[in-house]
Structure formats: C-alpha cells, structure tokens
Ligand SMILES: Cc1cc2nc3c(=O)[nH]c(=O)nc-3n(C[C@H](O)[C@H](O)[C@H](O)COP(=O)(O)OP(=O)(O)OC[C@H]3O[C@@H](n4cnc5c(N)ncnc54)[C@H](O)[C@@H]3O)c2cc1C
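Shown here is one chain on its own, the form predicted on its own, set out as structure tokens.
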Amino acid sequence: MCYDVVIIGAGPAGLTAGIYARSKMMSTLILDSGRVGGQLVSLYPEKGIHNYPGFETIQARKLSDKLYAQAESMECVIKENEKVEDIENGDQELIVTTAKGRYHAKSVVVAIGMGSFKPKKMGCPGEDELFGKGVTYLLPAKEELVGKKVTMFGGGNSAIDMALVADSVTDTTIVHRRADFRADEGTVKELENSGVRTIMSANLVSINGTDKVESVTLSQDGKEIVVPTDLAVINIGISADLEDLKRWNLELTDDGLVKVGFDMSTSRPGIFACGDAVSYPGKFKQITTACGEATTAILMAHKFVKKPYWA
C-alpha cells in the first residue's frame, strides 16, 4: 500500500496533522518512536494546560488522550514504538524505513517535536545517587504526593504548573535560580495566589539523604538554606536529540532544526515539517503553534499529492 501521507511523530502536531489529513480523505499512517502524546505524556503528564482553546484547563495527559481518540476515530493508522530510520526517494514516492518495515508514501510530514529527549540535570551531589528515591524529573500522580514535602526546581510554565498541582494536595516549595520567573504572567499570578512557597535567586547545592531524599541544600545571598524535602522534582528543560533530521537529508538551520518555508515545505519535495522540530523567523514553541503548522503542512501535502484543480 502507498499511503497519501506518512506522519512521523504522534505528539500534538502529528495527531493534528493526522486529523486534518483524514478530513481530506488522505490515507494516513502515523509513526512514533515512543508512545503517542509526545512531550504531553513523556515530560509533564500531570501538568494543567490553561491556554489550549476550548478548555479552561485540561491535564496534559487528557489533552493527549482526546487528540489520540479523535485521530483514531477518523481512522488514522497509528503505530507506537516504531522509530523511523530513513526516508528514501522512490519512483514518484517516498519510502519510510523503520526497524519493523518499509512504508510507501506520496508525502511525508515530520512532526517529531524535540526528537529523542531527556530532562536536563542540575548536576549537583545526590542527584544521581537518589534518582528514583525521591529525585524525579516527572511529577508523580497527585495521589502519590499526599503527605510528602515537595520541592520543585524551575522557573517556566511547566515547573509552576507542576508546583500548583502538587500544592493542591501537599506542602510544596518552588526554587528558581533567578529573581523573576520566565513563565507566562497569568501562570505567575496563579502561583502568587496559591499556597506554594517560593525561593528565588537560589542555587541547588546538594540533594541530601541516604536511602531516600531527606532535604535539599540551597545557596542564597551567600548563605546556605536546608529545606526538608521528600520529593525533589527537577524541571529545568530538556536536552533534545535531533540527529534523525541529519540522516533524513533535510536542510537544517544553525540550531539544528528543520528549515521550512511559509508553507511548511522542506528542502526535499513531498516532505513537510511542523511543530518544535522546525525553525523560522518569529517561531514560538507553543502547542497551538504546532497545531497550526500541522494544519498548513497537511493542506500543502494534500495539494502536492492530489493536485486539485484549484491549487
């Protein structure tokens, strides 16, 4: 079978692309190297998302579930744990190769987000030794937080959102190394109105404990502060691995992302890209931005494949 479009990546951009492709009656295959949901489920599943249209607030995992369910209901073929190794040119088609098979496509949409990613580390004593014993990079489910003292590290939307989730059930502190948060103003205001304790302009010196986390030591204004802690949650960003993009012979920007035109086209005919994997002047990495780019990518892929008379 030759699919009208193969979409690489099943995060918000990839799932949106699938939904739009099926609305144009394009035969659609979505491949993901891990689980469906991308960063929504891999990095911050418990996070509340406040700026996705149509929902006052929705948990990241639930937003992923809704996108997944809609893509499935529209009969997208979705395959998890199938990493794309190569995209070759065939005879008026593209051949997408994975460890499990070869898929023929008339067009491809790259929506891999930040690729294979892993959370950034603080690099302090105790972080590696106590990982899984109170040090984590993902906020556990709320029911697992009850009765524990939680200390969150980070200053962005994700860190604050996670702190607010934890604060709804337990004693929570957030630590940021700068004097101001980099999160959205509305998110910061919500934090200010919550019961979360904030410690600003402080650096993490060490995470302390023997068999489990017992406290964290901070440095602030030349003084050391010890904060009793059961759970140290580190949310200071991710390290991305986008080496696949080089292997797929796509033209990249200086920062290693896919260079796209206004129509989400790449340097290879028939291959379009969207989401966090692409870069252009004025680019913002937001879920809604990724979904909008996915819409454009699919509409252009449809024109490329179907060549309607009005195109």
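For the two forms, the rigid core is made up of the largest set of C-alpha atoms that agree within 1.5 Å on superposition. Each residue number is its position in the shown sequence, starting from 1. Computed from a predicted model, the values in this text were never measured in an experiment.
Heads up, the form predicted in complex with the named molecule isn't pictured, but that's what we're talking about next.
Discussion item. Looking at 100-108, 188-196, 138-146, 76-84, which stretch has residues with any non-hydrogen atom within 4.5 Å of the named molecule in the predicted bound form?
Written reply: Heavy atoms within 4.5 Å of the named molecule in the predicted bound form occur in 76-84.
Worksheet item: Should Gln39 be counted as a contact of the named molecule in the predicted bound form, where contact means heavy atoms within 4.5 Å?
Response: Heavy-atom contact with the named molecule at 4.5 Å: present for Gln39.
Worksheet item: With the partner left out of view, is Ala17 within 4.5 angstroms of the named molecule in the predicted bound form by any non-hydrogen atom?
Response: Close contact is absent here: in the predicted bound form, Ala17 is far from the named molecule, nothing within 4.5 Å, heavy atoms only.
Practice prompt. Verify the contact flag for Thr253: yes if a non-hydrogen atom of it lies within 4.5 Å of a non-hydrogen atom of the named molecule in the predicted bound form, no if not.
Written response: Outside the cut-off, so no.
Fill in: is_contact(Trp248, the named molecule) in the predicted bound form, heavy atom dist at most 4.5 Å
It does: once the named molecule is placed as it appears in the predicted bound form, Trp248 has a heavy atom within 4.5 Å of it.
Practice prompt. Could you spot which one of Ser265, Gln59, Ser279, Gln286 gets a heavy atom to within 4.5 Å of the named molecule in the predicted bound form?
Written response: Answer to the contact question: Gln286.
Worksheet entry | Heavy atom within 4.5 Å of the named molecule in the predicted bound form - qualifying residues of 1-19 | Read in sequence order, the residues that approach the named molecule (within 4.5 Å, in the predicted bound form) are Ile8, Gly9, Ala10, Gly11, Pro12, Ala13, Gly14.
Discussion item. After a rigid core superposition, would you say the CA of Gly156 moves by 2 angstroms or more between the shown form and the other one, or not?
Written reply: Gly156 C-alpha, core-superposed: shift of 2 Å or more.
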